[in-house]
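Quick heads-up: it's one chain on its own, the form predicted alone, in structure tokens.
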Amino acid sequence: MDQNQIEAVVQAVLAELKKKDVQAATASAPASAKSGVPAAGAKTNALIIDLPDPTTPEVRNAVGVEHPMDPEGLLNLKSTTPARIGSGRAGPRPRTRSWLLFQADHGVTQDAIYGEVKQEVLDQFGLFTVQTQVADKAEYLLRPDLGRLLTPEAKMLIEQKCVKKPQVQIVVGDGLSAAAINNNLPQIFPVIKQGLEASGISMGTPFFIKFARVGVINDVNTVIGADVVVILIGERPGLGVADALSAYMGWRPGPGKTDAQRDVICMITNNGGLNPLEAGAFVVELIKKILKNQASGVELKLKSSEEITEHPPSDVL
């Protein structure tokens, strides 16, 4: 027999088996299925994969190690970290459940990176939008330097719309996670605003920067001239948390200033991080400290340590 004859025989056998499966399923199905409505559990020609959702807390936190020496200890260990421990192996490979969870979490990070900040979130706080010199998301990921510089049109719009030389200027940047802004800004922004007003600290006109990097606050302040600039920006998403927000701030930022001259409160999220409401209060307290010492970053740490040395707490004396 040649190759064509062999393939013809194989196809004929498969067709006969398929026909018998359909006949058996029809014979065993209830009347509702015979009328065209498939019953639960009935055999069909379609491929059915019935696996539990790997992202539910029960499945995510389940122990995948078979016959662990200390099951209770392993459960306690898993409860202390979002790291993928105790997931078990299938030979040299991860289990299907672990692999599906990894793929699902990776998909969430991609959505966070390539997603867009919702316009209704910006409208909620009256934030107008400007853009850095980045043209699109692909360039944003490859050229961090362009994400630190505003376009001439952006500077012109800021010049027209913003109050100049306030004590505090707040800007919002999408960063590497649009989800961080969508999920956390509605909670943290009112706390910061109310906290500054209650402390008698003047706040400039807030706005949103698309394709922003942290260092863009240097360029912003060449137009605004604020004492403190705060940027609420999305952090790089991880496979455990994809909507974490950071609040970076600096004393009179400008060209040449680096991370050494900035302070940050990070991992602001309801998903295992710092609660956004509580984080808002921390941001206000840190702003007040920066204004008092007229310094931020390393300089603020040095001034704070000098103050403790000169005026140690009473319980140290």
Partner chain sequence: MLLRTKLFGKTYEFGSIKELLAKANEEKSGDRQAGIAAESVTERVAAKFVLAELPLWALYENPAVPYEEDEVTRVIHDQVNMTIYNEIKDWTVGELREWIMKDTTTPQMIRRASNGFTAEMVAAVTKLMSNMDLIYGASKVRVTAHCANTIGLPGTLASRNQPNHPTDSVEGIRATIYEGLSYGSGDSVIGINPVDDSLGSVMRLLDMTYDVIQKWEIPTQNCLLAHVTTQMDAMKRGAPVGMVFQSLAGSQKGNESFGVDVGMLDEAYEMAKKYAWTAGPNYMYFETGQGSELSADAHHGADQLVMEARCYGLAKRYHPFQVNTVVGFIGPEYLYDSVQITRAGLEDHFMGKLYGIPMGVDACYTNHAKATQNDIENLAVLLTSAGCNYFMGVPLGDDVMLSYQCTSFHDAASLRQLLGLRPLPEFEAWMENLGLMKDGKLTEKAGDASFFLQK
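Positions refer to the first chain, counted from 1. On a predicted model such as this, the values are computed, not experimentally measured, just so you know.
Quick note: we don't show the form predicted in complex with its partner chain, though the next part is all about it.
Asker: Are all three of 88, 92 and 138 close to its partner chain in the predicted complex, meaning a heavy atom of each within 4.5 Å?
Answerer: Looking in the predicted complex, the three residues 88, 92 and 138 all sit within 4.5 Å of its partner chain (heavy atoms).
Asker: Do residue 223 and its partner chain share at least one heavy atom pair within 4.5 Å in the predicted complex?
Answerer: So residue 223 does not count as contacting its partner chain.
Asker: If you check in the predicted complex, is residue 291 within 4.5 Å of its partner chain, heavy atoms only?
Answerer: Result no; residue 291 lies far from its partner chain in the predicted complex.
Asker: Residue 98 near its partner chain in the predicted complex, any heavy atom under 4.5 Å?
Answerer: Yes, contact at 4.5 Å.
Asker: Report yes if any heavy atom of residue 68 sits within 4.5 Å of a heavy atom of its partner chain in the predicted complex; otherwise report no.
Answerer: Yes, residue 68 lies within 4.5 Å of its partner chain in the predicted complex.
Asker: Counting only heavy atoms and a 4.5 Å cutoff, which of 126-134, 194-202, 236-244, 178-186 contacts its partner chain in the predicted complex?
Answerer: The contacting stretch is 236-244.
Asker: Looking at 210, 84, 155, 118, which is the one with a non-hydrogen atom within 4.5 Å of its partner chain in the predicted complex?
Answerer: Residue within 4.5 Å of the partner: 84.
Asker: Within 4.5 Å of its partner chain in the predicted complex, which residues of 98-117 have a heavy atom? Give them in sequence order, or say none.
Answerer: 98, 99, 102, 106, 109, 110, 113, 114, in sequence order.
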